[in-house]
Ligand SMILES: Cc1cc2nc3c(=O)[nH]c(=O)nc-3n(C[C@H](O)[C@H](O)[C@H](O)COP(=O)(O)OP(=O)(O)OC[C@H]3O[C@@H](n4cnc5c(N)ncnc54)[C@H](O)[C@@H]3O)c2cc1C
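Heads up, the chain below is alone and in the form predicted on its own; it's given as structure tokens.
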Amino acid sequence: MSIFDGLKGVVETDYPLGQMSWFKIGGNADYFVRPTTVAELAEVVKICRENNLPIHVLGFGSNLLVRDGGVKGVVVKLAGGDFERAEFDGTNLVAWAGVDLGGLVRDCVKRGLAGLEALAGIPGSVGGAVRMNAGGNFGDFGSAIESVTLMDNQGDVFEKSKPELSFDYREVNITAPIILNAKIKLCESLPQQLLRAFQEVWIYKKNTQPLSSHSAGCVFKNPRGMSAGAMIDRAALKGTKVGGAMVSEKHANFIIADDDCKSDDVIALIEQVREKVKERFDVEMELEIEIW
């Protein structure tokens, strides 16, 4: 008898989780759960609490490395049903955690709603983008968010709003394990102007990042006032390989995984880059990607 007997339709065991990440490498999850309603999600959280099972919430896997040994406990994927809704009301938008960020940005541009076009070319889900305050040279997600709806370890739902809700570079002061949705404030603009801005950001990313390779975006956060990619480049690490993992020749803050790559290769290369940058610049590199 499984602890998830009441949720048979949304639970899988020994699930090949690595294929859910953009690296396309890594082991299996003990339990992989895809609830489609908030009530189902609350039941999952309750079961995990009662059985002392850790929960990991998976977005689109665009900044995730899964270890070769896989993930113990429960991985929750918020997709479908309640979690893929985007509700527009004038210039107000409620976007649920499983919504595709890229598609949402394009939809806003078409509707003549400004505020998210700076996120062009950033992959991921809305939930993941809130959690890491996704952004780049042109702006970040947090600047448009008014509040977020969250679920705690008890399965209770609550809201956190600005100014209590505070976004910073690649982080937000959210301690609750699950982000349900974000309330976003947009403003009216001309679709043609927004499309030009969107295309400018997209072309910049296409020209400077290895978007067609298996990677997880920028590996390291930029140290304050510095560029992680530039430091890695100046440490002569572009093209450096460990097994099937390589520092991108196009953008030094990307690690590319070939078809034979293992997660251990990526982790070893990360540590090598950290050591060389520390040796050259006396700077400790902090990870931007998550490693499970």
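Heads up: residue numbers just count along the shown sequence, starting at 1. On a predicted model such as this, the values are computed, not experimentally measured, just so you know.
Note that the form predicted together with the named molecule isn't included here; everything after this is about it.
Trainee: Any chance all of L78, Q209 and E290 sit within 4.5 Å of the named molecule in the model of the complex, going by non-hydrogen atoms?
Mentor: Yes, all three are in contact.
Trainee: Taking 4.5 Å between heavy atoms as the contact cutoff, choose which of G73, G103, P191, P177 touches the named molecule in the model of the complex.
Mentor: None of the other options qualify; the answer is P177.
Trainee: Pick from V38, C48, V57, L237: which residue has any heavy atom within 4.5 angstroms of the named molecule in the model of the complex?
Mentor: Going through each option in turn, the one that passes is V57.
Trainee: K205 versus the named molecule, in the model of the complex: is there a non-hydrogen atom within 4.5 Å?
Mentor: Close contact exists here: in the model of the complex, K205 approaches the named molecule to within 4.5 Å, heavy atoms only.
Trainee: Is it the case that S62, even though its partner is missing from this view, gets within 4.5 Å of the named molecule in the model of the complex, heavy atoms only?
Mentor: Contact check for S62: yes, within 4.5 Å of the named molecule in the model of the complex.
Trainee: Within 4.5 Å, heavy atoms only: does I184 come near the named molecule in the model of the complex?
Mentor: Contact with the named molecule, no.
Trainee: Does any part of G135 reach within 4.5 Å of the named molecule in the model of the complex? Heavy atoms only, please.
Mentor: Judged by the heavy-atom cut-off of 4.5 Å, G135 is in contact with the named molecule in the model of the complex.
Trainee: Which is the contacting stretch out of 192 to 200, 127 to 135, 155 to 163, 108 to 116, given heavy atoms within 4.5 Å of the named molecule in the model of the complex?
Mentor: So the stretch in question is 127 to 135.
Trainee: Counting only non-hydrogen atoms and a 4.5 Å cut-off, give the residues of 207 to 230 close to the named molecule in the model of the complex.
Mentor: Read in sequence order, the residues that approach the named molecule (within 4.5 Å, in the model of the complex) are Q209, L211, S215, A216, G217.
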